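Quick setup: one chain, the form predicted alone, written in structure tokens, and binding and motion questions come after.
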Amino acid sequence: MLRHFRLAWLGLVPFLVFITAFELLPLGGLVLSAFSDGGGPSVVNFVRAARPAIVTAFANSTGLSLATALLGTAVGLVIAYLVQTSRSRRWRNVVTALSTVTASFGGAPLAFAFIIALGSTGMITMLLGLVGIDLYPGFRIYSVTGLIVAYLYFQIPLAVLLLLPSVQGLKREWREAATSLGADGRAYWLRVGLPLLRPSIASCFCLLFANAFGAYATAWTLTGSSVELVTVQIAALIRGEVQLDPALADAIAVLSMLVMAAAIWLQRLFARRQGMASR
């Protein structure tokens, strides 16, 4: 039995080598670079990260992530409920498959798709102009509002996939019991449905926040450097279009990792509470 146990661990060696080479070692190098200043250990890079442009970038990234996480969770919850209560199995399969595809579709291709559709000379923009509806200059896809619209394209499907199992766990008998006790639809959701789904909703919100906070390619392709975001700042410092400062970029990356780690920790906390509540 001990021999089989050792052979089982031996099968994990390629995976452990991969994780060490492509995750642990780069992460260690990132942290060492962030806490060094040429001569030795130092926090000067984090002090320099307090410059106004970087603080603005963190504020913009946080606001963008909060907005898309909130809207994505709310809309995703409604769609997940409609899918669950639908009597058509084909409709459920179509929505689930579409959510699976669109949740993983992002980056530069998504940005180009929105530029072609909603840009200043985009197809939808031109078609709306033919009927007298002018999106510009009130709406610009190359702004923070445009980023919110683009991010929701993959945030909402991800929320649907995350919330659908929890919505499926709501038993019809609970709704019938609440109705028999005189509760209407609003009372049921306020006192039964939403309290039961609260851990799942909070967990979904945290994951969507982390997902949006770390996004880069979509934001860069749509807005370039016109919208200050954390990921855009890191890329600019590494590429050296204006200045080359990889140590400062590493410090910003470490701070970003702390933000996303906090979001993931909260997600795991809510997921644990959800598991305890379902027992």
Partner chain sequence: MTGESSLSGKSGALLRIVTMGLFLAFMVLPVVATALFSVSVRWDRTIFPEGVTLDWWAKVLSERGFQRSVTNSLSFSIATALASLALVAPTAFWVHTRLPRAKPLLEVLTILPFGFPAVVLALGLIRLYSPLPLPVVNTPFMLVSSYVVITLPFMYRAVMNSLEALDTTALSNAARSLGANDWQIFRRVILPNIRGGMLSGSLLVFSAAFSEFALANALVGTRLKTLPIYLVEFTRFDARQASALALISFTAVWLVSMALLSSPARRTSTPGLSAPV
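Residue numbers count along the first chain shown, from 1. In this text, the rigid core denotes the largest set of C-alpha atoms whose superposition between the two forms falls within 1.5 Å. Not measured: the values here are computed from a predicted model.
There is another form of the same protein, the form predicted together with the partner chain; it is not shown, and what comes next is about it.
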query	finding
Partner contact for residue 140 in the model of the complex: the partner chain, 4.5 angstroms, heavy atom	no
Contact of residue 106 with the partner chain in the model of the complex (heavy atom, 4.5 Å)	yes
Residue contact check: residue 257 to the partner chain in the model of the complex, 4.5 Å heavy atom	yes
The partner chain contact in the model of the complex: residue 185, any heavy atom under 4.5 Å	yes
Residues of 73 to 103 having any heavy atom within 4.5 Å of the partner chain in the model of the complex, listed in sequence order	78, 79, 81, 82, 83, 85, 86, 87, 91, 95, 96, 97, 98, 99, 100, 101, 102, 103
Core fit, then residue 18 C-alpha moves 2 Å or more between the shown form and the other one	yes
Residue 60: Cα shift of 2 Å or greater between the shown form and the other one (core-aligned)	no
Residue 32 C-alpha shift between the shown form and the other one of 2 Å or more, rigid core reference	yes
